[in-house]
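Have a look below at one chain only, the form predicted alone, in structure tokens format.
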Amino acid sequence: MADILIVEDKESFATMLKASLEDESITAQLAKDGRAALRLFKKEKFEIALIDMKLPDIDGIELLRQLKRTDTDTKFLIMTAFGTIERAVEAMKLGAYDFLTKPFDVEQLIALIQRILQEQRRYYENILLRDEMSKIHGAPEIIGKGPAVKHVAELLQKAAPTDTTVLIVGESGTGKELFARACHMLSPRKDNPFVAINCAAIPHQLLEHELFGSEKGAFTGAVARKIGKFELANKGTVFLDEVGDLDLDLQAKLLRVLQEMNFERLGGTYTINIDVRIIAATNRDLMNLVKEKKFREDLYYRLSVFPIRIPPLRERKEDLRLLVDHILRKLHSDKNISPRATEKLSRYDWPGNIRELENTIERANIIAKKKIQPEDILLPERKVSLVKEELPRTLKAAASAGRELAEVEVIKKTLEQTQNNKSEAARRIGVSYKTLLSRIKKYRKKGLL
């Protein structure tokens, strides 16, 4: 992406300005008249346009009007002769950032441009909601000393310095985004944007707009050009969370981006080149989705060049105490947890993983007086148990009970993953909505759900 567009018909002056900017590591392109500027604006994104008031084909004021309609984010600087300052003031009223009277000191221009570029960088960082604490303190802290977490940390350290596409696999609530951010912060791209996109949280019809942006008039309500997340992430990392929820059309477009590192905005007629690193994450079995023709096989192999599995909390209970202490520090609590309370935590399987643990400890911190005790920890009752009052008397009865328990676990986990969206849960489980409601009613009557 070029930073500056210089619109100036005097070739020697324009070339001098371009060379002076490039000496300061500011890229620039030249347009000799208004028509050339309009053509370049349709093809590329500029942070600043430096426009001479007197051009051979289009008046500078009229060019400003047309360029502002094309891109509302660009900052416009007007160059004017002494006798046309009134016109420069008119340009300021139309939204120009500032004007310079010829002849001007090039050092003055460079200082002004650098100030604008700093403002633009801050603006884009606000759009991306970047994690400033991560930028200050380095990679996000990964809590755990057990072998499962150590293995993940070793894999991250191997993958981070490369541009290899990473696929992070893990149950909901295991902290997949935390590991993705750590991978970014350990990489050479750490000073550039980390852009996280939850593919499951954005409606399919809006997701393409979010990912790739759009041109003015691309659809009803598109009143100005919108820069997509891939373009904003240039030189940085794109994190595609819940990538298994992408529809097949978007999967095809994502595959092209991975292969070609370019795309077109919605309603666009030209190609935008980018340089991004892709980290994807999912709580679904992508290979099963491939078999079911719900996920492209070629995209799966593109994404899973370097797969990393994040262990669920039930497989790393040796880290429970460290995690609890970390959560209490985050809450700025002066309380700690008793050994008996820690033992109670270790007897639970944590289907909601770290997210559920955080909620449980936050609640316990409010209830507890000085130290968190077992009675301060509120956990769901263990309704699912093969051994109730007595064992089934026959193998057939045992098999039936075991099948019911398995169905209950699948239903519970899927409802958790879909935030209790029963239509989506039925689709994932592979039954009709009516059948799912019937099973829920049946197992609730039995006290299993």
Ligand SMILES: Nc1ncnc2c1ncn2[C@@H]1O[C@H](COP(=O)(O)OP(=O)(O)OP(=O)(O)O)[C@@H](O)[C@H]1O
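Please read all numbers here as calculations on a predicted model, not as lab measurements. Residue numbers here begin at 1 and follow the sequence given.
From this point on, the text means the form predicted together with this ligand, which you will not see here.
Asker: Identify, from the list Asn365, Ser172, Ser338, Thr74, the residue with a heavy atom within 4.5 Å of this ligand in the predicted bound form.
Answerer: Checked against the cut-off, the match is Ser172.
Asker: Tell me, out of Asp325, Glu242, Asp98, Glu264, which residue has a non-hydrogen atom within 4.5 angstroms of this ligand in the predicted bound form.
Answerer: Among Asp325, Glu242, Asp98, Glu264, a heavy atom within 4.5 Å of this ligand in the predicted bound form occurs only for Glu242.
Asker: Even though this ligand is not shown here, does Val290 get within 4.5 Å of it in the predicted bound form, heavy atoms only?
Answerer: Val290 lies outside the contact set for this ligand.
Asker: Please run the contact check for Leu178 against this ligand in the predicted bound form: heavy atoms, 4.5 angstroms, yes or no?
Answerer: Answer yes; at least one heavy atom of Leu178 falls within 4.5 Å of this ligand in the predicted bound form.
Asker: Does this ligand get within 4.5 angstroms of any non-hydrogen atom of Lys317 in the predicted bound form?
Answerer: No, Lys317 is distant from the partner.
Asker: Tell me, yes or no, whether Ile354 is in contact with this ligand in the predicted bound form, where a contact means a heavy atom of each within 4.5 Å.
Answerer: The answer is yes: Ile354 has a heavy atom within 4.5 Å of this ligand.
Asker: So which stretch, 98 to 106, 244 to 252, 152 to 160, 325 to 333, is the one near this ligand in the predicted bound form (non-hydrogen atoms, 4.5 Å)?
Answerer: Correct option: 325 to 333.
Asker: Just give me the residues of 260 to 297, first to last, that have a heavy atom within 4.5 Å of this ligand in the predicted bound form.
Answerer: Result: Asn283 alone.
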